[in-house]
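Given next are two forms of a protein chain, the same chain in both, each as structure tokens and marked structure 1 or structure 2.
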Structure 1
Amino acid sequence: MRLKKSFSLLSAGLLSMGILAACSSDSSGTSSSGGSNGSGATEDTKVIKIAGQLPLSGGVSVTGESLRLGAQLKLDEEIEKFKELGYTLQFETYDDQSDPKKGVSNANIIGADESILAIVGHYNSGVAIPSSEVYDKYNLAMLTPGATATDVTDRGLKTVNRIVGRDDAQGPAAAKYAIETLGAKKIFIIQDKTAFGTGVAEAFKGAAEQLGAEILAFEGITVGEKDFNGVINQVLSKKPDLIYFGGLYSEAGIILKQAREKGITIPFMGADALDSSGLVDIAGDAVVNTFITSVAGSTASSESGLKFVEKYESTYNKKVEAFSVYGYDTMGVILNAVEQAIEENDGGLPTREQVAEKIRATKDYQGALANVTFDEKGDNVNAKIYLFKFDEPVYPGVLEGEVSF
């Protein structure tokens, strides 16, 4: 377990352990924006594209759209700087629909476009893993702002990186809190059978068992399902004192609502894919007594985070989501690497390999919230796990504490 070691307690006793720029969409679901005229290079500049592969439709589209807007905001801030260097920046986004097949199909299109130098994405681990195999064939760097499964980086691909924490830290952090703070002894686990959902649930299960909890069940559900009365009836018969869910907010919200309707009031716990206003929109009052770990911190914790929130909300006239700032910081890391590669080429257009090398070599990049230094596998050594609770149906939840690892 890579979980370490130093905890910042924000609430005593709770964690005992420790522009919209010009933007057009075509019928295939892609969109492109940025640049001096919104469509490409001027006569004096060359085009550099950054692609986004994110879930812009489907069950987690709220999170996907927030990532896209965050990334777009950062690119728009950098356009003038790159124009002075002789380049026109464009952000070309693709909707992966949280579907591995769609992600791989888009990845092949992206790989064939030589003006694309790096990828912001994916959010879903189950899409990131197969799509990154395609990017790697093209020496095209991918930087995920949200995929947490261990296999994303454990395969050792030189082109794959992430700025947030991993599930082998997130699962144990949740288990420790559930057992030592909430006093859970008998736990019912539900997971959505995806790379992320199963992975984080297994990480939670292993750590909970080591801490002495009894796992009453490890049941799978299907993404897109709407009627969970079967698994909820099993919860009723087993009489656990906590439900842990590995999956997305779209299913979690429905499970919560249906469980509360059957009189199940015990704590409900999940991971970062529940960190969305979509959870509260779906569950409503049923979200009360829900706890989530997240790889996304609070933008209210720093001056730069607050500045980001102000600019995001004034630009888009909408509230930030937990991952909005990670879209912004992911784009920031990528453009910082591209700029370094241009400088190293004496102003010449860098290759994909050069950009990938510069991204992996990132050290102490300070974004609006994330501080980024990659290890040899492409994981951010400064990433943290955060814990939130919902005492009322209001998003975001209340920050309970954070864990460094």
Structure 2
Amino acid sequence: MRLKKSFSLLSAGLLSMGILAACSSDSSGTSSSGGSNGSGATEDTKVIKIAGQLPLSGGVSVTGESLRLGAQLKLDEEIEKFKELGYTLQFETYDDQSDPKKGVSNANIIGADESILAIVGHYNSGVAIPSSEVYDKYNLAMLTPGATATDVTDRGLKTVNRIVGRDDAQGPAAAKYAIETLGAKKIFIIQDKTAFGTGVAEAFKGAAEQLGAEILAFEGITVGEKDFNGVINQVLSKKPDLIYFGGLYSEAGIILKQAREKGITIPFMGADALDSSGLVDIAGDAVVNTFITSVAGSTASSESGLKFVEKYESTYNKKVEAFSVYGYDTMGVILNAVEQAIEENDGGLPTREQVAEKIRATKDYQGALANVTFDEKGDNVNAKIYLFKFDEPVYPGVLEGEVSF
């Protein structure tokens, strides 16, 4: 009894200490930012913050982290330039955990911080859409490096922009390649019943039918399962000459593996959610003869891209992922707009509205990979869909071609 009591006392004590610690870390956080403000005042510089809202934990944390590092790299390059203009640049990242609720609650915190002028993020369309409603209330510009759902920009918000292609361009681009280059006539479609998977598969289906291909089936699977032999048996009996898959790389890898084990060697196609080293990890040798469309291009295709890769890898001692360069270019577009806004203000601190206007007005910004010009909805008119092919189990695949739209 006595032991129990002391134990509960102990745990209560620990808990209250934890709370105190949380409070103190919080207050030290504000005091340090206050300190930097204070020191800024003495040096007569003002702080401009750019916020990042990216999935730094969870299933796509690899991509989120690579976006963060890419953006940080660009910011570090520009710090000196802004110091001359009289501003201290800071990059503050928030973890949206790929979770809409977390994204929105972060968005409210970001909105309340007056020194934040723009946002790099989000990666997930599902998080970008509700969070951008909050940013719009604060007139805070958001530039996404990876959210591809059509709804992100189709709502016509003035503050929402993206530098990569849209989902409704991927399906048709894949269909064109499948039918014209690979000569597919009978196609078997598998989709994972999520908004992304079904959307991309339906866009592909429509375009493929228009181009004269026969769609043998439009089958669904359940995310999280590991046995797809039922669907693969249907593929066996229908004998298509191409499989199109709308969904994520974890299921795609397993389907590929199980299909190749049953002797199905026909080409397998999918969208940008397959553009991950995870696909190769899971499928192994079975990945051969797989084609993916992606909104992320290959950094190996241009000189500035190669330079970026070299710099990224020497700075962080890490390999670049498909989206790293878009983190870099997103930050580039934002800082470019902030700089213009400062100039227009004769060196004064620009407002959020001015920055948002300048970002939307970006014309022919040449980043390390992306060339950015926004249309009236905030989509990059120069965005392209890239097509990669896997000839051997090595990520990334070989760049086969690109389609602009």
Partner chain sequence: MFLEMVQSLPQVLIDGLTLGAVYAVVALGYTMVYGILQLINFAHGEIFMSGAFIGTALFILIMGMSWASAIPQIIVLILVLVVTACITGVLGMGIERVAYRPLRSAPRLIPLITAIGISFVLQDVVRFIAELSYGNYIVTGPSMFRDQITFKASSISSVFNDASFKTSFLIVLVIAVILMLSLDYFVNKTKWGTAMRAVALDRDTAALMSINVNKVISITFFIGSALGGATGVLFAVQYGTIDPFIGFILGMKAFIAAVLGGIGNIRGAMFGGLLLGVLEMFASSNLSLLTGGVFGAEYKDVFAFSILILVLIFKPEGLLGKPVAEKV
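No experiment lies behind these values; they were computed from the predicted model shown. By rigid core we mean the largest C-alpha set that fits within 1.5 Å across both forms. For numbering, take structure 1's sequence and count from 1.
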Go through 1 and 2 and tell me the one that is the form predicted together with the partner chain. 2
Comparing between the two structures on the rigid core: C-alpha of residue 238 shifted by 2 Å or more? yes
Relative to the superposed rigid core, does the CA atom of residue 92 travel 2 Å or more between the two structures? no
Flag for residue 123, CA shift 2 Å or larger between the two structures after aligning core: no
For residue 203, what C-alpha shift in Å is seen between the two structures once the core is overlaid? 2.5
Fit the two forms on their core, then tell me the C-alpha shift of residue 262 between the two structures in angstrom. 8.0
With both forms put on the same core, how far apart in Å are the CA positions of residue 225 between the two structures? 7.2
